[in-house]
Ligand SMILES: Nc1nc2c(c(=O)[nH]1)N[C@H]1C(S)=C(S)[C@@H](COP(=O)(O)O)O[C@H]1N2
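For reference, the chain that follows is the form predicted on its own, supplied as structure tokens.
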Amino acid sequence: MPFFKTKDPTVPPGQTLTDGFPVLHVGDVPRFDPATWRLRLYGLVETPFELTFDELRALPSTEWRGDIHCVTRWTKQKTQWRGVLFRSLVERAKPKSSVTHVVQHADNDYTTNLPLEAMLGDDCLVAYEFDGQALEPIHGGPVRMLVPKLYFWKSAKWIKGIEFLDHDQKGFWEVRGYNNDADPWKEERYSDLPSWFG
């Protein structure tokens, strides 16, 4: 998988371009059963709900094109995704006024956290297609979150729940020393390590 060093100002600092799509995740690739898969939106919302895969696919979809960045220092340019705008699901769930943060819950007990405000842009999708094809399981299929303005661990693979909270709650990598904000343009890769790291 070729990687290319660059001084391109459109690429965040410390990143290397790749024309592949490296595979990194926590745990094994889960099996997908369309009969039982559900995406739940819950927590501090007026109308919690869940969607089957077919129901998600039946919602109005949006295409997003752009670059993605991994904390392990690769950037893939000109990617193409399709899915449902996260903002439209938020509108349906109707978060209470006290909500400040969202936690993405995924298979393998993976979680990651973000301020709600960070997920309301036109680039934030609940994605099920990549480059015009169904999203492959190794890349998070059938459904993953897409938050491309941040390092890619903030875009949970195999998402199955979205929880709305009135406080921040660090996720899997955040409690292990990854930066809570994950802005690639600021190289927010790691934060101070927790005390149990020794």
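All residue numbers refer to positions in the sequence shown, first residue = 1. What you see is a predicted model, and the numbers here were worked out from it, not measured in a lab.
The discussion below concerns the form predicted in complex with this ligand, not included here.
**Student:** Test of understanding: in the predicted bound form, would F53 fall inside 4.5 Å of this ligand by heavy atoms?
**Tutor:** Residue-level check for F53: no, no contact with this ligand.
**Student:** When the contact criterion is heavy atoms within 4.5 Å, does Y128 count as touching this ligand in the predicted bound form?
**Tutor:** Although this ligand is absent here, Y128 would stay clear of it in the predicted bound form, with no heavy atoms inside 4.5 Å.
**Student:** Residue-level contact is defined here as any heavy atom of the residue lying within 4.5 Å of this ligand in the predicted bound form; does L17 satisfy this criterion?
**Tutor:** Result no; L17 lies far from this ligand in the predicted bound form.
**Student:** Is there a non-hydrogen atom of G177 within 4.5 angstroms of a non-hydrogen atom of this ligand in the predicted bound form?
**Tutor:** Because no heavy atom of G177 falls inside 4.5 Å of this ligand in the predicted bound form, the answer is no.
**Student:** Flag this candidate site as yes only if V26, Y110 and F152 all have a heavy atom within 4.5 Å of this ligand in the predicted bound form; otherwise mark no.
**Tutor:** Each of the three qualifies.
**Student:** For the interface check, one of 138 to 146, 55 to 63, 33 to 41, 161 to 169 should have non-hydrogen atoms within 4.5 Å of this ligand in the predicted bound form; which one?
**Tutor:** Of the options, only 138 to 146 has residues within 4.5 Å of the partner.
**Student:** From first to last in sequence, which residues of 63 to 90 have any non-hydrogen atom within 4.5 angstroms of this ligand in the predicted bound form?
**Tutor:** Those in contact are C70, W74.
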